[in-house]
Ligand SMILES: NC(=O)c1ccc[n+]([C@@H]2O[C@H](COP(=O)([O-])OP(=O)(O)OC[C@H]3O[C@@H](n4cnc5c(N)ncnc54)[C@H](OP(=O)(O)O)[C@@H]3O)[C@@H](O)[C@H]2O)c1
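In the block that follows, a single chain appears as structure tokens, in the form predicted alone.
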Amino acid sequence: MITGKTKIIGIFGDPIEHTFSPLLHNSAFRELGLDYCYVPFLVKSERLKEAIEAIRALNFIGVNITVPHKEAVIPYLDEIKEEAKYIEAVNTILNNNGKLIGFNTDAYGFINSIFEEGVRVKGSNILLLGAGGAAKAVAFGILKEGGNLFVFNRTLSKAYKLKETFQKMGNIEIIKEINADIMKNFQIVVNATSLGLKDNDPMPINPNFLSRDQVYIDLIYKDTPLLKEAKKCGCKTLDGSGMLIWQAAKAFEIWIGKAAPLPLMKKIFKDKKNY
């Protein structure tokens, strides 16, 4: 029940109708008996500055930021945390007594989701497919945890830009082509491209290059064609579900100051995903 004491958290995006976040967070608030409400807001790009100013004016606890505002929001904030500076995107804002602080919880979400499944990063050779926003979050997480990163992207200039951004953090190299011999060098393969969202998408790499002793991770949270092929060849496989849940849990912790009810969040997501 919403009262005059209810604290508001939101999500800004365009489009916003598809967002799963209100169900996830409002269920978590109820589980913990918290008087909070999570509300989606359709925010057009030309009104983004006004929307950010409204966080202070309306005394929101904070908001999530989703497409297409993750990069554009940065100039309107008072402080940007390290991971958001590197990734050059903000997906979570905390209103700290009128000071708006930008975070990116995607790297945290990625790393914790694979650690939970026993995947070792430190010292591993990891092939990252893609160089966009999702790839930058993965790169930050891998390098921070001591992994050796190898980036393959169809547009080489974007791959080199990613290397330039992250090279101070650790070992990062660019791969110009993928073949069976090169693939033998990697213990983990991560698809951070959008290929696989649509059933008729081409695969980001030839599935015949994968081997059963590799871990294949797809950030898309469904069985993509390449994920299915990776399962067939005996790879340990993970989709993007865990990353989605863990990044939401981190945002919850930033706003509320206590741990999110992860088992509940996982159950809600699984039930919704299978609906």
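This one's a predicted model, so the numbers in the text were calculated from it and none came from an experiment. The numbering used is simple: start at 1 and walk along the sequence shown.
Just so it is clear, the following notes concern the form predicted in complex with the ligand, a form of the same protein that is not shown.
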May I ask you to choose, among N185, Q167, S194, N179, the residue with a heavy atom within 4.5 Å of the ligand in the predicted complex?
-> S194
Select from the listed residues A131, I111, L100, L143 the one whose heavy atoms reach within 4.5 Å of the ligand in the predicted complex.
-> A131
Here the chain appears without its partner; judged in the predicted complex, the stretch of 216-224, 22-30, 52-60, 35-43 with heavy atoms within 4.5 Å of the ligand is 216-224
Could you tell me if N153 has a non-hydrogen atom within 4.5 Å of the ligand in the predicted complex?
-> yes
Closest heavy atom of A135 to the ligand in the predicted complex, within 4.5 Å or not?
-> yes
Taking heavy atoms only, is P207 within 4.5 angstroms of the ligand in the predicted complex?
-> no
Proximity of K158 to the ligand in the predicted complex, heavy atoms at 4.5 Å | yes
Stretch 223-261 - residues with a heavy atom within 4.5 Å of the ligand in the predicted complex | G240, M243, L244
